[in-house]
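Just the one chain here, laid out as structure tokens, in the form predicted alone.
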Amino acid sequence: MGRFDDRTAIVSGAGGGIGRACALLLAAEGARVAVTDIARDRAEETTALVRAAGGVAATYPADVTSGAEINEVVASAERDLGPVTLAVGAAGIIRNRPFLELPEEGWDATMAVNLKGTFLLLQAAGRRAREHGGGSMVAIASVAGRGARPTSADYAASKAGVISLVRSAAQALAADGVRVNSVCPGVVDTDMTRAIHRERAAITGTTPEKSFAALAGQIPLGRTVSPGEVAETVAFLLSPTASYITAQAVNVCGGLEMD
């Protein structure tokens, strides 16, 4: 028996990184997973991995910044997989730019994907979970949302917004039996993280390897976190074991952030 048997979960940003790890773990624990990502090929890879492991998944390519597309994903997932009561918002982007060089369109793009996209998913999935008598949702925030990031102010602001949005959603849906939490990863060893450090290296005049090592060296536990470890925390918060936990922002960062 899995923790999510006979449950349907939507995972955005499931084409890689933390989103893919969440999709694989939820499916391994019995959930039927709606795999959502703007990149169809990467979403289909995740779906294929779930099925190869004996799980149930279907692919729904979508742009998380479009309410119409997200509503269609939720409706299709309900039609194909069953009542949606679980959701994970893992879609996100980051581009490194010094604060004074951050273009308006860069700010807008980051806010659209990271904050608006999370809002649209939580709203659409939250409506369905309420109709079905309850559920649980988790948004992927970041420790960047708890502090200053002078070369990625838009990303930090968007993730601070996610933390705040989750608190509001949790209070709004609590009476309907829907729990909402966020997870704040630290330094996750993913393709996106490596790309971040290539950009930071260009800005700071170092190498990507030295940039990554410098940040990893600040972690009290002495190593980065894997996408799978973040997914384990997400699964815990979605599960009945966390039945009295809502409106929280849980750090998964090896002690890098203690707020």
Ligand code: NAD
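As the structure is a prediction and not an experimental result, all values here were calculated from the model. In this text, residue numbers run from 1 along the sequence as written.
Just so it is clear, the following notes concern the form predicted together with the ligand, a form of the same protein that is not shown.
For the candidate set V234, V64, L26, V50, a heavy atom within 4.5 Å of the ligand in the predicted complex is found for exactly one residue, namely V64.
A single residue from the set I93, A172, A157, L102 has any heavy atom within 4.5 angstroms of the ligand in the predicted complex; that residue is I93. Annotated contacts: V74, A124 and G135 are all free of the ligand in the predicted complex [non-hydrogen atom within 4.5 angstroms]. Using a 4.5 angstroms limit between non-hydrogen atoms, R200 is distant from the ligand in the predicted complex. In the predicted complex, no heavy atom of E209 sits within 4.5 Å of the ligand. Contact annotation for A39: at least one heavy atom lies within 4.5 Å of the ligand in the predicted complex. With a 4.5 Å cutoff on heavy atoms, T193 counts as touching the ligand in the predicted complex. Stretch-level contact check against the ligand in the predicted complex with heavy atoms at 4.5 Å: of 126 to 134, 139 to 147, 172 to 180, 79 to 87, the positive one is 139 to 147. Shown here without the ligand, the chain has only V113 in 104 to 121 lying with a heavy atom within 4.5 Å of that partner in the predicted complex.
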